[in-house]
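The chain that follows stands alone, in the form predicted on its own, written as structure tokens.
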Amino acid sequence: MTKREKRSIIPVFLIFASAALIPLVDTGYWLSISISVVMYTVLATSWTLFSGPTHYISLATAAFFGIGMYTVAGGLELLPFPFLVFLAGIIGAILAAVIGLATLRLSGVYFVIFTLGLAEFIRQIFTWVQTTMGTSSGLYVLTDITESIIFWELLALAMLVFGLGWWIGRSRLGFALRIIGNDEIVAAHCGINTARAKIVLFIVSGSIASVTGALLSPRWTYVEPGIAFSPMISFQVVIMALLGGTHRLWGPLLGVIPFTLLWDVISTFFPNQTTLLLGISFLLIVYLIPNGIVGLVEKIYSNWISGNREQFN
């Protein structure tokens, strides 16, 4: 670890410590918004761990998230909550491994379409199971876990994700994934096991999404397939990550905060046009800031530095 990296730990620690005080200051609207911000920070950052370096656009977040929610909802009367959260991560990892082995040989639009269909396929399976069992209703998640506890749990998970992302970025795995993202054929000729590298990161991303769903399950109280496996979750995660920028670990955070606040306004005042406005948001982001807020800031900074150099020369 360099001296610069050691110095950067202090502001990061202060940010997380300050965020941890939010439930002590407000337990109403701002705590609710903060939970959504931390939730999407975890999902978008874990999504970026895989899709950022590989450029594989995954829309399977909702599938893993829903699996986590149903793991808790279905087993809460039989097993303790912490064990169910751990179990959700294991199930998510297994599902990601199976999907990765079957599909990561695909690329481009084929992979996108498959991952989008996966969440819908799993949602239909859960709907069919509930219907055949004699009820079309969902499951109730009744616990004494408060929103403050959920927020602190998600914040701890966010710290873990950022720490994991920092380590991966400096590991041989992270280096291999960056080569794969630049040119997968070249990576294979360099002796990199491209399939294994992609599957490992896909497993990490999927298990984190499942744990996030498990931690959020008590907040929903009532879980059904339409809620747990909503495709809106997958699309929002992608949009937030792209808005912030996927070439920096902290990039998604810069997209999560403004988009969460904007989405809250849209959901409040335009509840019947959310899908339309989500699509418009995606088009505007891709067209206006293709490299995200991080890329825009870096471009402005680079132009400013170049301008100063020319002035002094």
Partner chain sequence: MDIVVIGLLLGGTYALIAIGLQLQYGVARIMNLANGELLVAGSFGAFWFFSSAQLSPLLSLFIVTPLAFVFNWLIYQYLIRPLVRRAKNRGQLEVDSILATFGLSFIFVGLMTAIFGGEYFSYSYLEQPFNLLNQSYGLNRIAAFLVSVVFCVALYIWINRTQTGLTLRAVAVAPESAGLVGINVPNTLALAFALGGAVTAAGGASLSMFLTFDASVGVIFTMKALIIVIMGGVRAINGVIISAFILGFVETAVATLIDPGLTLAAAYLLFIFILLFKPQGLFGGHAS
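Positions refer to the first chain, counted from 1. Worth saying up front: this structure is predicted, and the values here are computed from it rather than measured.
Beyond what is shown, the protein has a form predicted together with its partner chain; the following relates to that form.
S.K.: Any chance residue 279 has a heavy atom within 4.5 Å of its partner chain in the model of the complex?
M.R.: Yes.
S.K.: Whether residue 283 contacts its partner chain in the model of the complex should be assessed with a 4.5 Å heavy atom distance threshold; does it?
M.R.: Yes, residue 283 sits close enough to its partner chain in the model of the complex that at least one of its heavy atoms falls within 4.5 Å.
S.K.: Is residue 269 part of the interface with its partner chain in the model of the complex - any heavy atom within 4.5 Å?
M.R.: No, no contact at 4.5 Å.
S.K.: Going by a heavy atom distance of 4.5 Å, is residue 29 a contact of its partner chain in the model of the complex?
M.R.: Contact with its partner chain, no.
S.K.: Within 4.5 Å, heavy atoms only, which of 84, 223, 197, 238 is in contact with its partner chain in the model of the complex?
M.R.: If I apply the 4.5 Å criterion carefully, the residue I get is 238.
S.K.: Though its partner chain is not shown, can you say which of 168, 150, 204, 118 has a heavy atom within 4.5 Å of it in the model of the complex?
M.R.: Looking at the other structure, the residue within range turns out to be 118.
S.K.: If contact means a heavy atom within 4.5 Å, which one of 254-262, 35-43, 66-74, 53-61 is the stretch that engages its partner chain in the model of the complex?
M.R.: Looking at the other structure, the answer is 53-61.
S.K.: Would its partner chain be touched by all three of 130, 142 and 227 in the model of the complex, meaning a heavy atom each within 4.5 Å?
M.R.: No: no residue has a heavy atom within 4.5 Å of the partner.
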